[in-house]
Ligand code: HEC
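We begin with a single chain expressed as C-alpha cells, specifically the form predicted alone.
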C-alpha cells in the first residue's frame, strides 16, 4: 500500500512538472527550437514565462542591474546587421581572422578535400566562432537600445555580464578559465592538454585550435566524390550544407532545447527546475540538428 501510494505521489509530481512546463510554453519534441530555454539566452530575465531566469543553467547572462532583457538581440538585429545574413548583431571578426584557424587534418581517412579545408571571411562557421573562439567578446553588440558602456573603437554597445567570474566591460568565454581543472567546454578554440583540460589562461584565450573538432569549411560533394562508399552522395535530411559546404551549423542548431545547461562547472538538468524535456529532445544534446541516438547523425553522412 505504501509503495503504491509513493508511486501515485511520484506520478502526481511528474504531471505537475509537465503542466508547469506547458504553462510556461516550454518546447517539446514537436516544437524543439526555442532559444529562450537554452544557454544561448543571454538576456536579463527573472520572468519564467520568458525563458530561463537568472542563475538557472546559464553561465552567461546580462547584468541583473541592467535592462538588456531581449533574447534575440545577442545574436540578431533587424537593423545595421553585419553581416546582413543572418541579420548578425555581433562584432564580426576582421581580415585575417578566418585564415588563422587550424582545422582537423591529421586522419589518414580524410578526403584530400577535407584536409585542404580553410575557413574564409564568408564562412558561416565564423558566426559560431565569434563567440566560441574564447577570445572574441560575447557581449559587444552592433545595435542595441540599451548599453552599459560602449566600445571606444567602434561605438558598439557593451552589455555587462552577471556572475562572480565576470564584471563590467567586454567578456569572452575564454575569460572563464579558473585553473588547470577547468574544461571550459563552450570554448572550442582553446589549446587543451591530452586529457582535454585547458592548462592556462593563455591557452584558454588562444582561440584558433580546431584540430580536435570535426573538419569544416569544405565541399561535401567533392569529399563524397573522393570517398565513394565511405560518404553518402547527399547527407540525410536535417543535416544542412551551406553553399555545398560542411560548417558548424551542418550538425548544430543554437536554438535547440534539450533540457540541460551549465552553471559554473555543474551541469543542471532542467527537469529539476520543473521544465519538462522528453527523450527525443535529450537525443538532440548538444544543439544537434538530428538525434545522434544510435549514431544517426554520424551515419547521416558516413557509411559504416
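Note that the rigid core is defined as the largest set of C-alphas that superpose within 1.5 Å between two forms. Everything numeric in this text was worked out from a predicted model, so none of it was measured. Numbering follows the first chain given and starts at 1.
There is another form of the same protein, the form predicted together with the ligand; it is not shown, and what comes next is about it.
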| item | value |
| --- | --- |
| Contact of residue 253 with the ligand in the predicted bound form (heavy atom, 4.5 Å) | yes |
| Partner contact for residue 298 in the predicted bound form: the ligand, 4.5 angstroms, heavy atom | yes |
| is_contact(residue 175, the ligand) in the predicted bound form, heavy atom dist at most 4.5 Å | no |
| Partner contact for residue 194 in the predicted bound form: the ligand, 4.5 angstroms, heavy atom | no |
| Triple contact flag 131, 223 and 262 to the ligand in the predicted bound form, non-hydrogen atom at 4.5 angstroms | yes |
| Contact residue in the predicted bound form, from 123, 184, 209, 205 (heavy atom within 4.5 Å of the ligand) | 184 |
| Stretch 97-117: residues contacting the ligand in the predicted bound form, 4.5 Å heavy atom cut-off | 104, 107, 109, 110, 111, 114 |
| Large Cα shift (2 Å or above) at residue 108 between the shown form and the other one, core-fitted | yes |
